[in-house]
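Shown here is one chain on its own, the form predicted on its own, set out as structure tokens.
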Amino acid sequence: MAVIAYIGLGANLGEREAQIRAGLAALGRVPGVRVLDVSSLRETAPVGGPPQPPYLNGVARLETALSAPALLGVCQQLERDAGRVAGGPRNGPRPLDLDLLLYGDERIDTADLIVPHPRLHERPFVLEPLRELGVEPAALPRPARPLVVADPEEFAALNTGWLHGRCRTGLVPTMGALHEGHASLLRIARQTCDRVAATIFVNPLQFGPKEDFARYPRTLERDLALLAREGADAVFVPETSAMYPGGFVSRIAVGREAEGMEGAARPDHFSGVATVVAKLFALARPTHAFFGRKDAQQVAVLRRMTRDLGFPIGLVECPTVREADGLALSSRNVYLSPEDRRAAPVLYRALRAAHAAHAAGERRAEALLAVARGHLAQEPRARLEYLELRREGDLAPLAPGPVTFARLLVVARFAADGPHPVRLLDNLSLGAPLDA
């Protein structure tokens, strides 16, 4: 069955118009392709990329019996025949550019092809030729990025489509109240994956009865703006009843990685974290999932769960992002009073002092801990909850003897005597560069 398709035309190297006309002639000779009409060509400034000459641009209307992927393959081969070299800079100069803009009424989202073209509505050099050919761009579907999905089945279907389209998919689970730490996860995911989905869900299973579930910051509109800025393809924002419908009783048991520290302070916390992440993994089936190193024990727990349950997912641990004064970014930082905000960087100063002592040759665990405690004791607004040296990676207790490579973890409360104390946690690897 024949389909009407629209191809964007462009060239900014060599004899531009001659190359476009030759490419169109070659396209028209392909079996199953007939060129119906061509817009006028217009000179336009390049968009992005390195310094380069102006383009000639236009649009061609085709009738084709080829599938969309087959038509894309033909266009790419014609670009190569015209001298376009693969692997050049993004948005770099080219002797011929053939972009599949529209393919009938189909919506396609694969690793190799998105139709309608995702930047169609942003480019006058495409919109004006389309109008010339009788297409009103305002009537075309405008791609939503990020696509906001609330239904678990719809989210699962979206990710299944990406997998069937051979996309590497990245998942960034969050509880919202997004900040630059989350943005860094999205940027790393964007570099690694073809599609990136975030989740925003304040998970009740990981909060204790006296914790801040009800007052945890919820800033969806601002979060969506950050996700759009960082190029997230979708965001999953389910209701609690959708994630845990009536009769839901299953929980993930957690083991040694959850013992002590946060596991002792918040007994059901890691079971709740593991349960929701396992459910998100089952829905999204990502190839990669991205978590911040600030929550080091959580990363250790989830790495164990991923391995034990056989999820075929690469769990990526990403560096901690800090304010200029060293305070690790956290959604809970908004709770800090001005006085506590000024005091909070003491956590990082204490960690850095121990790191410096280790770098200078100190290998006794108690001496390293004493260095950090000494700095923490200088700040009366910080109520130390725990300070521990653990084995790097799985955070098991250290074996007796010299400390060569370990992670120092700290949690302190601020506004500890008030109605809403703020727990802040941080960590640093000893024996590695700062913030590793």
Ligand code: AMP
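The numbering used is simple: start at 1 and walk along the sequence shown. Because the structure is predicted, anything quoted here is derived from the model rather than measured.
Another form, the form predicted in complex with this ligand, is not on view; read the next lines as being about it.
**Q** Among 341-349, 231-239, 114-122, 168-176, mark the stretch whose residues have heavy atoms within 4.5 Å of this ligand in the model of the complex.
**A** Correct option: 168-176.
**Q** Can Ala328 be called a contact residue for this ligand in the model of the complex at 4.5 Å between heavy atoms?
**A** Because a heavy atom of Ala328 falls inside 4.5 Å of this ligand in the model of the complex, the answer is yes.
**Q** Consider Val321 of the chain shown here, and say whether it contacts this ligand in the model of the complex, taking contact as heavy atoms within 4.5 Å.
**A** Yes, Val321 is a contact residue.
**Q** In the model of the complex, is there a heavy atom of this ligand that lies within 4.5 Å of any heavy atom of Phe291, even though the partner is absent here?
**A** Yes, contact at 4.5 Å.
**Q** Would His182 show up as a contact with this ligand in the model of the complex if we use heavy atoms at 4.5 Å?
**A** Yes.
**Q** Please tell me which of Glu362, Asp295, Glu128, Glu79 lies within 4.5 Å of this ligand in the model of the complex, judged by heavy atoms.
**A** By the 4.5 Å criterion, the partner-contacting residue is Asp295.
**Q** Taking this ligand in the model of the complex as the reference, which of Tyr216, Phe311, Tyr244, Tyr335 has a non-hydrogen atom within 4.5 Å?
**A** So the residue touching this ligand in the model of the complex, by this definition, is Tyr216.
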